[in-house]
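As structure tokens, one chain now follows by itself in the form predicted alone.
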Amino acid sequence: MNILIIGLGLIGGSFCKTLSKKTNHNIFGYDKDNITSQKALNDGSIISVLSPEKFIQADVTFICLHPTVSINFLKENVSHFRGNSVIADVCGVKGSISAQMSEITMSHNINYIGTHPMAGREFGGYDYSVENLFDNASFIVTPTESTDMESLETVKKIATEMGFKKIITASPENHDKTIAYTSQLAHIVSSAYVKSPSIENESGFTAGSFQDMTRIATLNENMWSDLFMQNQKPLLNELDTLISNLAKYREAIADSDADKLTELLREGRIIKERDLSIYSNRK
């Protein structure tokens, strides 16, 4: 197939590198930054850069842009794509994004598939893209009642060829509710955590716990603020839950209530051990 990757950042660039290495598909690219496009050409990740007028050549297109940018790009360029081709996005939110992209593509007889590759790195951009980013990762698809099943199977097959270990199916709503907890909340906590003045004295006093807590604070603030705003209600629910739980720990410490603090810590340990056990059984 002819596969077009739009947006050659960390995810889009890794798509190009992975597909070029692991499949026999023809991989094309498009990025608004000509220097980035040239990098992908030079290292053989793509065989050609397609201008919008040539998007019609693509059988399957992955739009690897920020949520709002993805919508705007599709609105402006949907007429360039071939009817009955497949367009998938890789946005980290699906609810409102999927609804809008589906509406735009249906009006042009194009098959839309919502996806979310569960992989990333601390830093973004093409220079950090790698051919093994998706090895053993999960690939989430979010079909709706209007989804073309043949197109869905095509996208799932491509994901399998790329090395994704699990293909997970979820509704757009359930995806957003879960991702608010497993990803978005973690990024907010990490960003807030590093704002303590104590970070000025961390050198020589850190190990794995500090590194784990702060790793994702080097996020792309433009992309993540877009994701958070697109998923306000589920994310606010998770923030309220976290703040309520933190208040219990603070109260126990402030009251010198060692028994209560021990109980809270025990509860957390048991929940995590149960989660680890469930995860182990699913592998």
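Here the structure is a predicted model, which means the values were calculated and not measured. Residues carry their position along the shown sequence, with the first being 1.
In what follows, reference is made to the form predicted together with another copy of the chain, a form of this protein that is not presented.
- Using a 4.5 angstroms limit between non-hydrogen atoms, Glu238 touches another copy of the chain in the predicted complex.
- Although the partner is absent here, Thr262 is a contact residue: one of its heavy atoms lies within 4.5 angstroms of another copy of the chain in the predicted complex.
- Within 4.5 Å of any heavy atom of another copy of the chain in the predicted complex lies no heavy atom of Tyr128.
- Among heavy atoms of Lys54, none comes within 4.5 Å of another copy of the chain in the predicted complex.
- Shown without its partner, this chain lists Ile110, Ala170, Ile158, Leu74 as candidates; in the predicted complex, only Ala170 has a non-hydrogen atom within 4.5 angstroms of another copy of the chain.
- Site annotation in the predicted complex: the residue of Ile27, Leu219, Leu50, Leu65 reaching within 4.5 Å of another copy of the chain with a heavy atom is Leu219.
- When contacts are defined as a non-hydrogen atom within 4.5 Å, none of Ile35, Glu145 and Met162 contacts another copy of the chain in the predicted complex.
- Stretch-level contact check against another copy of the chain in the predicted complex with heavy atoms at 4.5 Å: of 81 to 89, 96 to 104, 150 to 158, 174 to 182, the positive one is 174 to 182.
- In the predicted complex, Thr241, Leu242, Ile243, Asn245, Leu246, Ala247, Tyr249, Arg250, Ala252, Ile253, Ala254, Ser256, Asp257, Ala258, Leu261, Thr262, Leu264, Leu265, Arg266, Glu267, Gly268, Arg269, Ile271, Lys272, Glu273, Arg274, Asp275, Leu276 are the residues of 241 to 276 with at least one heavy atom within 4.5 Å of another copy of the chain, listed from first to last.
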